[in-house]
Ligand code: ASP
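Encoded as structure tokens, the following chain is the form predicted on its own, with no partner shown.
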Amino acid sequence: MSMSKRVFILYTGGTIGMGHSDPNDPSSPLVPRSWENLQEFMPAIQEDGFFRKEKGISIDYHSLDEIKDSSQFTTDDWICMAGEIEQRYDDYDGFIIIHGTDTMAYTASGLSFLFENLNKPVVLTGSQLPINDPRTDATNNLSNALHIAAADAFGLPVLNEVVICFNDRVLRGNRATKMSTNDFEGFESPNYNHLGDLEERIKIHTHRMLPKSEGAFRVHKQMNPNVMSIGLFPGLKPKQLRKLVEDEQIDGLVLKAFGNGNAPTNAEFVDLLKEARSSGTHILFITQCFHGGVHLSKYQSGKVFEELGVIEGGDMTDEAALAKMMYVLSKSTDSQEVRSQLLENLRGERNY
């Protein structure tokens, strides 16, 4: 087995590369800095550093035309990132996307669907503190991401999927959600155990990995943006949603229901969902709870919505449900096909 591996790093921005707008004023706002600035603080990835010199890993870089805070990203940015990797897919063994933490779980979920028949690791990472901060978590996260992206060079199993590598953990991208703005842990995978633990010894849990895909790799270049995600709450007035439902541009509605999929069963709310369904809006119920998922048949209130044609989101995260709805609706408008695809476990995003 050749130890020479090629890794491509796509730099999109995020806290990891931020610096003060006024270098002489530590209280000035943080703004994105260049990839060149970021590299200065990561000796291990430089020409004579550990990864290149000791492990023989070839590392190439590219920055997006506009380096942004991840809160500014749209689905067009996901498609742009996917295209950057598509162009280089045959030339590299693994990929790293350096990304802001705010929407990292959304991007990871979106990319997991856009990449069809992915058989190489695509690793998203970033940090809670800028790389030039003396207590930064950036160098550890980036080092760990390189171990996963160039797994063969370290004798590790190769993950053929989109993952998030953060604070000594490897999480399936479409199972992750941001948990903290200040804890170095940052992300958690509430309904699926970690794919890997990067402690003193790295352990990849091979029984949790996705199987290798048989088909040819391709990138789907479209997401349906006409999707909304709304959380239910006590006292929500259906008339507040009526304008949304009456808008024919809403093709998909992700409703964050209570518990196992419970929601108000008063006539006004039920009639509203009936209207939405009859106008062609697909409705997916997920749970607001951190752990567990939706079982519409468990309670009487859930059965009401099951009969309306509401689709169970199982134990999907909000990020995965939204991204999956956008992906599925961009491929088909046939009601049965959409329902079938949303219920199917396409990329390991749901257990049921």
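Start at 1 with the first residue shown and count on from there. Bear in mind the structure is a predicted one, so any value in this text is a computation, not a measurement.
Below, we turn to the form predicted in complex with aspartic acid (ASP), even though it does not appear here.
Only one of the listed residues (G252, P121, G186, G100) places a non-hydrogen atom within 4.5 angstroms of aspartic acid (ASP) in the predicted complex, and that residue is G100. Residues of just one listed stretch (88-96, 69-77, 261-269, 222-230) have heavy atoms within 4.5 Å of aspartic acid (ASP) in the predicted complex: 69-77. Among residues of the shown chain, S330 is not one whose heavy atoms approach aspartic acid (ASP) to within 4.5 Å in the predicted complex.
Within this chain, T136 is remote from the site of aspartic acid (ASP) in the predicted complex, having no heavy atom within 4.5 Å. The shortest heavy atom separation between S127 and aspartic acid (ASP) in the predicted complex is within 4.5 Å. Heavy atoms of M18 reach within 4.5 Å of aspartic acid (ASP) in the predicted complex, making it an interface residue.
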